[in-house]
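One chain follows as structure tokens, the form predicted on its own.
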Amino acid sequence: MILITGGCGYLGSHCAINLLERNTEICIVDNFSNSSIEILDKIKSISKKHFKFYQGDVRDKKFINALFLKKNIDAVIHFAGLKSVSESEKDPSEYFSNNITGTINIIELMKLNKINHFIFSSSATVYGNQHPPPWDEKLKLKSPTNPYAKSKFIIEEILRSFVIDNKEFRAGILRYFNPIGAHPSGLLGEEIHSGRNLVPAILNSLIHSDEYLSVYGNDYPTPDGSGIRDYIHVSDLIDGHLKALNYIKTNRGCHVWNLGSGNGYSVLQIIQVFESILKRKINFKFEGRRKGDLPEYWALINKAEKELNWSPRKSINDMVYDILNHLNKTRPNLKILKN
């Protein structure tokens, strides 16, 4: 059985469906701080499978240990954690508590219960701002400045040390770039929140048609002046998790892989893809650069391609179409997609 922490979140729920469709027995843990209980019904509706669910917090050692004792768990895929850079700067202690303490609890209790396979959700933010793109796993890292990225950096260091001291324990660290997209059914996708990320901002501008989309920066040293990022479809990202889990089952140690598309797309290019699929213009206006934003970054994914036999299959058009299909299904009154 595989335990999925944060299994009702955007990534965790897609992972749960993928595993259930492979007839893998799973157990989901979530405290609903970044998700909702309705996701459980969506997972059941899409997969047509049953699974175990327990509401609880990964910082609660008694709760996690009781779960390990009563379930035949042999691997953990750890998605539970807070994930907003701007939010982390406002409340760093909560990010360190949730992300670092929660992960330490899990790996210590895994050791106690002789569970030795662990997949961790890290982030491309651990690369900081000191390296020109593309970024690969061999780059020497310095501790990042924002609390969210720092929490991921610290956990990576903890896992490397833990594996050295516990020879049977095997860890896979996955550095995400920018996951977007949705399940092809349209029933499951990322929740739309206001914030710094481009895709939710575009969707909010579509929902509130009288609002302009803010594009931060048009004077970067990039071909069109807007910032460039690496976007990956959520289904490709989850496929990388399952291949990483298979890899550590036969390879000892602590392993790190980038999961991105290996390509960079500018803000204006992403807007153009949305416009092409929607067959309409998106109203936007340029504003000044935001503090901390990098001009451009994208991944080198050779290591994942070679070691995991993994590569992304979904194009940027696939990603945007699935996002819009999810919006269309969840807000049918908008009639967002034209036939």
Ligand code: WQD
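Quick note: we count residues from 1 along the sequence shown, nothing fancier. What you see is a predicted model, and the numbers here were worked out from it, not measured in a lab.
Quick note: we don't show the form predicted in complex with the ligand, though the next part is all about it.
Using a 4.5 Å cut-off to the ligand in the model of the complex, not one of 10, 22 and 43 places a heavy atom inside that distance. None of 165 to 173, 100 to 108, 244 to 252, 227 to 235 except one has non-hydrogen atoms within 4.5 angstroms of the ligand in the model of the complex; the exception is 227 to 235. Though the ligand is absent from this view, in the model of the complex it lies within 4.5 Å of a heavy atom of just one residue from 120, 148, 127, 257, which is 148. The partner is absent here; in the model of the complex, the one residue of 297, 54, 310, 51 having a heavy atom within 4.5 Å of the ligand is 297. Contact check for residue 76: no non-hydrogen atom falls within 4.5 Å of the ligand in the model of the complex. Of the heavy atoms in residue 214, some are within 4.5 Å of the ligand in the model of the complex. In the model of the complex, the ligand sits beyond 4.5 Å of every heavy atom of residue 218. For the chain shown alone, residue 197 is a contact residue for the ligand in the model of the complex, at least one non-hydrogen atom being within 4.5 angstroms. Applying a 4.5 Å heavy atom cutoff to the ligand in the model of the complex picks out 290, 293, 297 from 270 to 297, in order along the sequence.
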